Each structure stands twice: as C-alpha cells, then as structure tokens.
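Take a look at this single chain, the form predicted on its own, given in structure tokens.
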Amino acid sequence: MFSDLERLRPMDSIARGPRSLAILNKLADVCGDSILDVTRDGITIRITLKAGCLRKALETIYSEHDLYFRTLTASDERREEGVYKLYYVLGIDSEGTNLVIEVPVPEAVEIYTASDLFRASDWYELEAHDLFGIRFNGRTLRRLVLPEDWPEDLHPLRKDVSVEELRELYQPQMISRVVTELGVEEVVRIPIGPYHPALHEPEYFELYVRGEKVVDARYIGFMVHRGIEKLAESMKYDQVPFLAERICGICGFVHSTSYVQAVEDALNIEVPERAEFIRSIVLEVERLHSHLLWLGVALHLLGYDTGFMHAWRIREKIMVLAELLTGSRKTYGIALVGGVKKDIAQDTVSKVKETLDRLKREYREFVDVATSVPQVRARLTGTGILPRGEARAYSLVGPTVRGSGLARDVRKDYTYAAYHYVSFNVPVYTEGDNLARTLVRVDEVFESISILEQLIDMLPSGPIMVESWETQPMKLGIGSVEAPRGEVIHVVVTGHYSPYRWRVRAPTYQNLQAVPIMLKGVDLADAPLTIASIDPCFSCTDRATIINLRSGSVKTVPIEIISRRGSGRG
C-alpha cells in the first residue's frame, strides 16, 4: 500500500511530531505493501500490518530510545473479520504518542516472537497462547496463566467458549481424583493456599543462595486467574467499573478510571471538566494512602516498627479524606463512563484543606526521622540494584523505573483527566537501589499533596456526567492511569452492549519480570525488601523457598524471619 514515495506523503499528516514521523517512515521502508492501513485518532496512531512483516517492523523500531512497550492485547475477532487480532501498544514517551500496531492473525498462522527484542513481551505472548491459542515461533511456549493440567485445546477467551462451557469442561485433576476415589457425586471445593488461607494474593519465589548471598531467583505466579475479562463480556458498560475496581483492594480506583477512559476514548465521549477534576482528586488520595501503606510495610520489614506505626497512623487521615470525598474509605464506586456519580460538596472542600494541612505537617516530621535512622539507610543503600538499561529493556513503570533514572509518568507523558491543569515534579533517582525507590515514593507524597491543593482550589463548577452517549461496535480505545505502583493500562474493543474485548494490564505485571535481576547478589536478609520495593500487587509476600546450592537443602520459611536477620532481631 505504501510502496512508493507518492503514497508515503500521508505519513506527514498522520505523525504527531518528529519522533513518530521517523518511526512511521522506517516502518514504511521495511514493510511497504504489508502496511494495510495507517490512521490517527487523538494521541493514538494505529498501523494495521500483515503478520508476515511484524517481526521485521519490530526489529526496525525496538532500538528507538524513547519507545516503551506498554501492553499487548489479543482478541478473537473471527466472527467479525475471520481472524484473531494482536494489538501491540507502544508509547513514544517524549511525544506522548500511542503507537498501536494491529496485526490480523489468520487461524493456524504462527507469529514470530518479539520477546528477544522487547523483553516485556515475554509474558504477553505466553498469555495470548494460553487464552487464545495464538502460537509464537522462535521461542519456547509454556503455561503462564493457566494451570498445567488445563486441557490442551481449551482457550478460555475465545468467543466460541462460554463461561458455562468452561465450568463443565474443566475440573482440576484433584477434584476428578477425589470424586473417583471417594465415590461421591458432588464435591465442595474449598480453595486453600497455595500457602495460607489468610492470604488472598498468593505468590511464590525460589531464591537460590550460596551462603547468605542470593545468586539467582525464580518467580512463579498466576496461581489465581479470576477470569474477569471474560466475565465483563457479559456485563453492561456501566457495570464493568464496579468489577474493575475490585481488581485491587488497595488502588482499585485506578482500574475503574482506566476502564472508563478506554471506553470514552473508543467512543469519543467528552467528559465534563468537573468530573475530570474529581477523578484526579480521588486518584491522588489513592496514591497517598498506597504510598503510606507501603512505607509502613517497608519499615516493618526493616525492623523499625515505630516507623511502621507512625506511617499507618498518618495514613488514617487519608482514609478519612477518602470517606469525606466519596463516602467510602476504600472501593469508592464513583467512576462511570462519561463522568462520575458523586459530586464534591462545598462544605467538604474546607474540610479537605484542613486535613491536607495537618497531613503535610505530620508527614514531614515522620519522614525526616524515618529516613535518617542509620539502620534503615544502611539496609536500603546499595541493595536490590536495578540498572537503568535493564529498567528500559523491560519497559518498567512507576517508582521502580523512576528509581533507576527514567522519568516515565503517564500523568506527564500521556496526560489525562485534569493533570494538565496542575504543575508538579516527577521525582527521579539514578542509583537504582532500594533507597532510590523508597525516596521516589517519599517525594511523591509531597507532590500528591501539592496536586490535591491545586485541584481543590481550581475545582470548576458544572455537570459531573454527560447527558447521554451511544455505543459503536468494534472501536478500539486505550485508557491509562499513573497508579501508585506505575502505569495501569486498559484496552477496550467495543461491542454493542458490552465490551467485546477488555484487556487489563496492571503495573506489577510489567515490573515483576525484573525482580530476579534485582535479587541477584543481595544478602538473603535484604531479599524480602527488594521484592517489596516494586510494591507488588499481592499482599502475601511472606514466604520463600530457599535452595542452598552448596548443600542442596531446600526449606520454606516466613519472609519476615529472613528480613529480621539483617536487623539483628532474627
């Protein structure tokens, strides 16, 4: 389609700046007739490309210094177009441009892997294979999100597989065995574990140690796949935000907001300004309580429990603030497509300002002491190092990437809601160690308080919801929010009454792949904090299997016991 110079000219009008123009021209040079379409809508440039040229296209652009692998979404569009689709969502940070490479994948056609180019794509490809059966050659395919005993040809996100069929078709092997051996017709399944019934987000790390040094690490996750993306396909558009908000018990509002933004992007819905301000205010409140929660947990792991208690004491004021603004301390339930469902009353504004004043004063006193405790600084400094090059190669996000010297923050790079009305700094540290990631969060609390003060002062009048909006099927939308842990990104392909395809990517998904790099060479006592330093989105980072490479011994111990070795209390 773009095989001659005459037809390349439209690239000038499609590009959003010199960086996107250079990338588009490179793609045109290497793929020519394999480019089926190029369009632009807002900040998103969409390139439809034949599968045969995908590898060459990605090889051509992966070394672009400011290109960021944001997410990969697979979709079963065989009923509409007779193919599966892959949507590679890349970001040009310096230009704030989304670059979506859309690849139609006919049945039985294999796609060449990009995991050796964009390391972040490794899990995305495995997930697309598990859930849709799309095959990637040039790499080893293994299970990622589905259990090992899942039926080989059952791919749950295909449109011809219903939730009811999944329930009938798949029974874990253990259940089948119990039914056979016990001779009973019905078995009540009570999931316990894999570690402890009190922990609701299981994870598993294997640490390979030589003496007290970690020499390698392996992460095994995805033990609970909740199937919410499939569930959303049977829900109405305005029911999904309440499901989305339950993805995370700490920062769920980032998910409901990202989802509604993706739908609004797909359907070109213009949200009232006051609603954009309210969304930004609640998002910053959520960042405050999440960062205070993390600081408390980190200090507890370091054996400084006085700091832990003060962090959570101050956090309580933020929970009160959330209740003032939304009516709930957590799980706010106010995000809807086209706006928000709860306004901020005038008498609430003055209470919010008073709370922020006290919060800022008490937080300053707390961090001045906590960050100067010699034992705390000694345990954080020079441990869990993540080099800048690795952070970039894995397309990491949030305080994790900003602690390694990259100023990636979608509030600035791909601005949304009311963030373009306020001024704020993006804290960046270059050391890449646990202290750098801690200080990023410490500074971000002050920035969030400042953002809240500005937003409250500038809160405009007007409606908080659009009067009406209409659906259009098969429209692509992207919504992203800078969550406390880093960018959350949702991709939506619209249906008539429900999302046709909804893809959620949380920041932990992006950051976890780099944790084994951070663990190599750390003392065993510093491993728990190093894992926690990415603020992983599971609350049960409390057990580990330790494999001693010298003796071959294997033992499982609570992570808290390991961390106390470094504080002289173990």
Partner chain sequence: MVKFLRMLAISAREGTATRKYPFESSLVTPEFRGRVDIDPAKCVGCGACVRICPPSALTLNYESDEVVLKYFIGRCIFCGMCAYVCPQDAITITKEFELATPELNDLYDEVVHTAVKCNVCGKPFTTVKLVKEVEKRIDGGDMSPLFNTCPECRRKLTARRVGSGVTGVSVE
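What you see is a predicted model, and the numbers here were worked out from it, not measured in a lab. Residue numbers count along the first chain shown, from 1.
The discussion below concerns the form predicted in complex with its partner chain, not included here.
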Quiz prompt | Partner-contacting position among 154, 320, 407, 220 - heavy atom within 4.5 Å of its partner chain in the model of the complex | solution = 320
Quiz item: Which residue among 235, 146, 456, 297 has a heavy atom within 4.5 angstroms of its partner chain in the model of the complex?
Solution: 235
Self-check item: in the model of the complex, residue 462 touching its partner chain (heavy atom, 4.5 Å)
Solution: no
Quiz item: Is the gap between residue 287 and its partner chain in the model of the complex 4.5 Å or less for some heavy atom pair?
Solution: no
Quiz item: Contact between residue 293 and its partner chain in the model of the complex at 4.5 Å, heavy atoms?
Solution: no
Quiz prompt | Partner contact for residue 365 in the model of the complex: its partner chain, 4.5 angstroms, heavy atom | solution = yes
Practice problem: Please determine, with the chain shown alone, which of 301 to 309, 112 to 120, 392 to 400, 488 to 496 has non-hydrogen atoms within 4.5 Å of its partner chain in the model of the complex. | Solution: 301 to 309
Exercise. Counting only non-hydrogen atoms and a 4.5 Å cut-off, give the residues of 236 to 265 close to its partner chain in the model of the complex.
Key: 236, 238, 239, 242, 246
